[in-house]
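A single chain comes next, written as structure tokens; it is the form predicted on its own.
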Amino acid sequence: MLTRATVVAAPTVLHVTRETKHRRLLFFPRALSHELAAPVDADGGGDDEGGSAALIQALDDCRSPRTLRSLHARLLHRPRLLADPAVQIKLMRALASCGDPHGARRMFDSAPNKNAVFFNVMIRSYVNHGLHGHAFRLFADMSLRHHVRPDNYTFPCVLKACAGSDHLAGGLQLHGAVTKLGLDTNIFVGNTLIALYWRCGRLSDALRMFDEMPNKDVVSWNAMIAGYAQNGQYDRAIELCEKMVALRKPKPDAGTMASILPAMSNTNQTDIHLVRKMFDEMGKKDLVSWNAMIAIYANNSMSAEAVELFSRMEMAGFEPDAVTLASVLPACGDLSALSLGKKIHELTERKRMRPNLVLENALMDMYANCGCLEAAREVFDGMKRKDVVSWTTIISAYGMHGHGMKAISLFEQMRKSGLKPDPIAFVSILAACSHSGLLNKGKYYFKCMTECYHFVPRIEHYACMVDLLGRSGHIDEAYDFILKMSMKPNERVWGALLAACRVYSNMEIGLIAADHLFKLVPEQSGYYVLLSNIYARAGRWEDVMLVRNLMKNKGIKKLPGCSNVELWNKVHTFHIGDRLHPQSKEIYEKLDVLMRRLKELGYVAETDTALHDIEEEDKEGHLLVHSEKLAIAFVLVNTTPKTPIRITMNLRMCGDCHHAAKFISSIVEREIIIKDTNRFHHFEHGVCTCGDYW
């Protein structure tokens, strides 16, 4: 029988209340002790019908191999009860549920009189354990050797085996057979045929099956939505989901949430709002639906929403599983929500969720994104098994934090371990070389990737190389590299070149890069700002105004800079010149004191990148209230000495704030860790780990 588990991909955890657990703990011992106490007559039968009923009920509820062995032993002392076909079927189901399909087969073979139910249970046991060949052979024997006629429960099981093994030819034969028997209108058969066709890439056949079904339930809709989503037709999956919501019958369930999940990566706000509406209107939510909604937010860079929903889930009484935690951890990293990340880490230890490769990789990535490189390395070193993702994550972490040589050392350790680096691993090592100015090493690894591992460079590799060359001041070489690319450069490639032109004030190539960018992404404000910066550095204020007027005429607004700080289990957000925070008065007072001390030590505001053709004093005042400085002052007001300051930004850090942060770290004797959109800056004792190379 096709169940919702056919479509639902994400694992879940049954929500069991403390009371329910207590009752179960009491139930099993009583049932077993009652059975042991029951008298046994000469032929092994018991005279206690209540004991037999308790034993059978315990068999239905059994999910533990150890408990099942005890129950089976009791049954062996009651041959008359064990000879009952209904009990034999229950025992087969219990064996399969406890992970022993071969034990279920031994029970099946020992049964003298087998009807269709025996075959259905055994075939389903094989399918659920991925033993599709065994399922096909038993299905063939069902009619040929045992002369038992398949029914409307048999065919969905065998069709599911065809879907699981991509056995389209067998599925087509079965479709013909069910049509002849008039079972093609059966809802379970229809649902399984939909799943079979989309798994084999026959979406048109799946849709025809869906449209021709006289009755559809929520599983039918879920199967078709999953078909579109799994085959990359995301728009059609969302359209079908929208239609389902509009019809209001059947109502979406957890399976719908799991089915639409693959279509919800990097999507638009309208689609996310649709799925959230669907989620909110679900009558009964289970862990799968919560997991799916959290993952959708996390996959669309809506980290605050993901964390907020995770908190709501816990308040609703749901216990998170490994899937939940692996979904919310990236959001913690994006927000630098270290306290929540640590809480999740403690939860994984308390519930003994490790080893779990996906969860451990997510923990490592969270610590790295929160600026805790040592904690990330501890997770990495404590992993019993590491895959390429594990190595890539830690290599990327060291690269983002400016430790290029350590990243290279780890990359070489991965190669020596026998793991073959994949294209993403090469992106990480190239980016690490770029962040640390390791030009020759970067060139070596690009050549190694193409000549030793024979990977065809992707656009990400080209962007890293342009960034590496540009940061090193080789602007002309970077431009020539772009012209020789084997594919058309995208906005990331031209953007890396334009950023380098801003740093080195290369007007000529900067204008070429900007021209390409304005054609590729005419609405992207960041590139207009970069060009404005190039003009501003050259003192060409008329051109600055031309760019600003162009942005105004096109309705393009500069993305406002903001800085996030986690304190008291809450994320506090600051914008430039922000006075909305309840502690604004104290923040600005602290900032005034800091700036006076900075100037006493020789700090001079870097006003050359200010975008306004205004007096120097006004430029300095504009730089003073940047969001990074406000966030630093906020943490200083509210924390004790020596407490590290952790800030996450939505833009690149400006030169003046970088300059000021070095002074502040020396004055207040604290480590300041700032994550911008490109890398980490660790300020300590007046020095930044980036070596002013960013």
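Note that this is a predicted model, so its numbers are computed, not measured. Basically, rigid core = biggest C-alpha set you can superpose within 1.5 Å across the two forms. Quick note: we count residues from 1 along the sequence shown, nothing fancier.
Only in words, not in the display: the form predicted in complex with the DNA, which the text now covers.
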**Request:** Work out which of the listed stretches, 234-242, 186-194, 581-589, 560-568, brings a heavy atom within 4.5 angstroms of the DNA in the predicted complex.
**Result:** 186-194
**Prompt:** Which of these residues, 393, 348, 267, 97, gets a heavy atom within 4.5 Å of the DNA in the predicted complex?
**Reply:** 393
**Prompt:** Just one of 323, 138, 278, 91 has a heavy atom within 4.5 Å of the DNA in the predicted complex. Which one?
**Reply:** 323
**Asked** Does the DNA come within 4.5 Å of a heavy atom in each of 152, 160 and 388 in the predicted complex?
**Response** yes
**Request:** Classify residue 524 as contacting or not contacting the DNA in the predicted complex by the rule of any non-hydrogen atom within 4.5 angstroms, answering yes or no.
**Result:** no
**Item:** Close approach of residue 330 to the DNA in the predicted complex, 4.5 Å, heavy atom
**Value:** yes
**Request:** Although the DNA is absent from this view, report whether residue 497 comes within 4.5 Å of it in the predicted complex, heavy atoms only.
**Result:** no
**Prompt:** Any of the heavy atoms of residue 357 lying within 4.5 Å of the DNA in the predicted complex?
**Reply:** yes
**Asked** Using a 4.5 Å cut-off on heavy atoms, what residues in 484-523 are near the DNA in the predicted complex?
**Response** 492
**Request:** Indicate whether residue 393 shows a C-alpha shift of 2 Å or more between this form and the one not shown, with the rigid core used for the fit.
**Result:** no
**Asked** Rigid core fitted, then: does residue 128 show a CA shift of 2 angstroms or greater between this form and the one not shown?
**Response** yes
**Prompt:** With the core lined up, does the C-alpha of residue 558 move 2 Å or more between this form and the one not shown?
**Reply:** no
